[in-house]
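Just the one chain here, laid out as structure tokens, in the form predicted on its own.
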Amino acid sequence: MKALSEMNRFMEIFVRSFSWICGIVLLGSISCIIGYLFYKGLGTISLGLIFGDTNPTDALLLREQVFDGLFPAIFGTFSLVILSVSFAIPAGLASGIYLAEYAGRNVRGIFGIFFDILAGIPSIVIGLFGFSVAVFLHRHLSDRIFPCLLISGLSLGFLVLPYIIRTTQVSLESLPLETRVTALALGATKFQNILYVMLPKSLPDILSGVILAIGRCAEDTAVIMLTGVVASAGVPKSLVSHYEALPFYIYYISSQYTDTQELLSGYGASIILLIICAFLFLIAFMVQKGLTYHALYRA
């Protein structure tokens, strides 16, 4: 009995120590990567890197194009994320609610396997699919349709859709039984119970999937390479225009740079991309807090 107790104590110490070591290694790795980026690229960040020789006010008001700075790529990245998430959130929420509350066991199993496979598809395959859609539309619908911002946004939305679906489904299914049946016992319909009780209670978990989708849309390169991004296009004039994006700029500079300064600008672009992701995460977090308060605590 004493030997068993000692063994359990040893295993507890071992698991706790291993967890601490893994956490320290992970935190150290992330700190080294971010620290190296800031060491190499912080000195290159300036208004000139973003706006080039263009007046910042004219660039921000879209009165003058920027062709020698990162502003078009920053604008394109924001546009791409907003377009992708705007497509993925409604479809993902609706699908997750259906799987959690309306689908039968067999349907849930079939669609569950399908969405799990979709989540594991490489992004380059999604990009190839988007490119094929653009070619099909160009041939059969309009010769003015090419790989563009709209095709990229829809392709990225399709890429992150499984995360939002699964997050919504799991968050609804994990609610305690008393939360699920109380409103029904008081006379609410199933739709009212989902809308006014279950979704507000699941909102923090659902928005965590949205935050994950935002990060994936902002950093993915393989999809946009095949669906409309180019090295120099300026600010996109419409949804069917070519565009620039920071992930592609970083890839292009790191593989095609001609001097050290140009490579350092790629590090600067990486820092700006990290800042954009942090900004989008902060906005999503604030929206999460605001919606949770409005749904649960405000009369």
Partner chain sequence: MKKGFETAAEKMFLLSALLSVLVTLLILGFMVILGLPLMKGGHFFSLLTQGWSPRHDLYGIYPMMMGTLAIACLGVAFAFPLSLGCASLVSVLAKGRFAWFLRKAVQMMTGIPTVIYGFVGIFLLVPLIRELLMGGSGMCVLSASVMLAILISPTMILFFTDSFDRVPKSYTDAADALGGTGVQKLVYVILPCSRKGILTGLILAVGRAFGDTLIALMLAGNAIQIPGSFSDSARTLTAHIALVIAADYESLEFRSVFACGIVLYLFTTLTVLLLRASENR
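Numbering follows the first chain given and starts at 1. Everything numeric in this text was worked out from a predicted model, so none of it was measured.
Separately, the form predicted in complex with its partner chain exists; it is not shown, and the next lines address it.
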Self-check item: Heavy atom of each of F191, E219 and S254 within 4.5 Å of its partner chain in the predicted bound form
Solution: yes
Quiz item: Does at least one non-hydrogen atom of G112 fall within 4.5 angstroms of its partner chain in the predicted bound form?
Solution: yes
Exercise. Report whether the minimum heavy atom distance between M286 and its partner chain in the predicted bound form is within 4.5 Å.
Key: no
Practice problem: State yes or no: in the predicted bound form, is some non-hydrogen atom of S174 no more than 4.5 angstroms from a non-hydrogen atom of its partner chain? | Solution: no
Quiz item: At the 4.5 Å heavy atom threshold, is V133 in contact with its partner chain in the predicted bound form?
Solution: yes
Quiz prompt | Interface stretch in the predicted bound form with its partner chain - options 234 to 242, 256 to 264, 58 to 66, 45 to 53, non-hydrogen atom within 4.5 Å | solution = 256 to 264
Quiz item: Of M225, A100, I214, I74, which one comes within 4.5 Å of its partner chain in the predicted bound form, counting heavy atoms only?
Solution: M225
Quiz item: Which residues, if any, of 140 to 156 lie within 4.5 Å of its partner chain in the predicted bound form when only heavy atoms count?
Solution: none
Exercise. Regarding S174 and A284, go with closer or farther for their CA spacing in the predicted bound form versus this form, the difference being 3 Å or more.
Key: closer
Quiz item: Considering a change of 3 Å or more, are the Cα atoms of I283 and D205 closer or farther in the predicted bound form than here?
Solution: closer
